[in-house]
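Consider the single chain below, provided in structure tokens and representing the form predicted on its own.
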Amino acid sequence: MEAVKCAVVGLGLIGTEHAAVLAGSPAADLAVCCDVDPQAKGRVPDGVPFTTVLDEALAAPGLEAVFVCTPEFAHRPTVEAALARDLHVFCEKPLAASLEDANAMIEAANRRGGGLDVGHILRFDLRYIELWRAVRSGKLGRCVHVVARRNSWDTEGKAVRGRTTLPLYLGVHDLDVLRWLAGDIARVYAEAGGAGVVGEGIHDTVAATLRFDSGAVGLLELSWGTPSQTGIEWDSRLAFIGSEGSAYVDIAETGVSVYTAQGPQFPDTTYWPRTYGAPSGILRTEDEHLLLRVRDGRPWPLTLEDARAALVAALAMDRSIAEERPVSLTELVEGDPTS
């Protein structure tokens, strides 16, 4: 397969990882990286050109695909500019920070006839895929209830505080998976707390109940409260309770524990580890699937409507927290011409 000429726009934590994967993949030709911060040049893989000007990046000769890894509030202008140049776009989750932006991006992709995919990485995580396969097989029966947890380091919360929320940044992962497993979400009721872990007056934990159209119910726990000194970066779990069986995912453990005078460490062995210096893991699987999709049109594991629905559920949680009441998802989409 001829390598796909691509660009990465946005070199924060996840954009830097995407750039490393693409620079090391034989399926990719990383032509350029772009970020508005000139200091981001230090995070660019060796030999890859860097620019702070989006138009320069998108004008790279022979460019075919763009990985949009900017903060979610900045997704829309980058996605629309790339689609206007007839480029295939990978957009990191969440699709956008607002329903208005999400709708505009989807409409731009539809006018082009496609070319926009949203990166919900759990759709490429074999643990979640195997649970979904068990649900799809029917062996677990009807969904009775689901429970998901996604707790992350306090340092991550400090890095993104003020620009996003727990439902948008972390919860959208599980909201997508819960819809995948249990069907459309009808209503959410969320409560948020703040212990000053990531900053005074900032929510560092959220607990929510969910009701699905099917009648099943769910629980979702989100937090930026995991102390970094514990060495545990992610504490994520999922339980699916069916009428005829149950299934579970637990990724609190990485399979490796290292204890030294500097404290405990639990090295990543799944999402973006390094194997003899080369990026590997689930993120590489996701990126290379996108590159193969550019070449042969293979399907993406979620639709733009799936990505939009996860965003709507996250926004409904934010509204529930702000207004201290249950929120029906129809409140956000009534009158929306794309709904």
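The structure presented is a predicted model; accordingly, all values stated were derived computationally and were not measured. Residues carry their position along the shown sequence, with the first being 1.
Note that the form predicted in complex with a small molecule isn't included here; everything after this is about it.
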(request) Using heavy atoms only and a 4.5 Å cut-off, determine which of V327, I321, A23, I14 is in contact with the small molecule in the model of the complex. (result) I14
(message) Exactly one residue in D101, E72, E233, D117 has a non-hydrogen atom within 4.5 Å of the small molecule in the model of the complex; which is it?
(response) E72
(request) Please state whether every one of the three residues R136, D176 and W300 places a non-hydrogen atom within 4.5 angstroms of the small molecule in the model of the complex. (result) no
(request) Just one of 206-214, 89-97, 256-264, 178-186 has residues with a heavy atom within 4.5 Å of the small molecule in the model of the complex, so point it out. (result) 89-97
(message) Can you tell me whether V9 touches the small molecule? I mean in the model of the complex, with a 4.5 angstroms heavy atom cut-off.
(response) yes
(message) Against the small molecule in the model of the complex, would R43 count as a contact residue? Criterion: heavy atoms within 4.5 Å.
(response) yes
(message) When the contact criterion is heavy atoms within 4.5 Å, does D55 count as touching the small molecule in the model of the complex?
(response) no
(request) Examine Y169 and determine whether its closest non-hydrogen atom to the small molecule in the model of the complex is within 4.5 angstroms. (result) yes
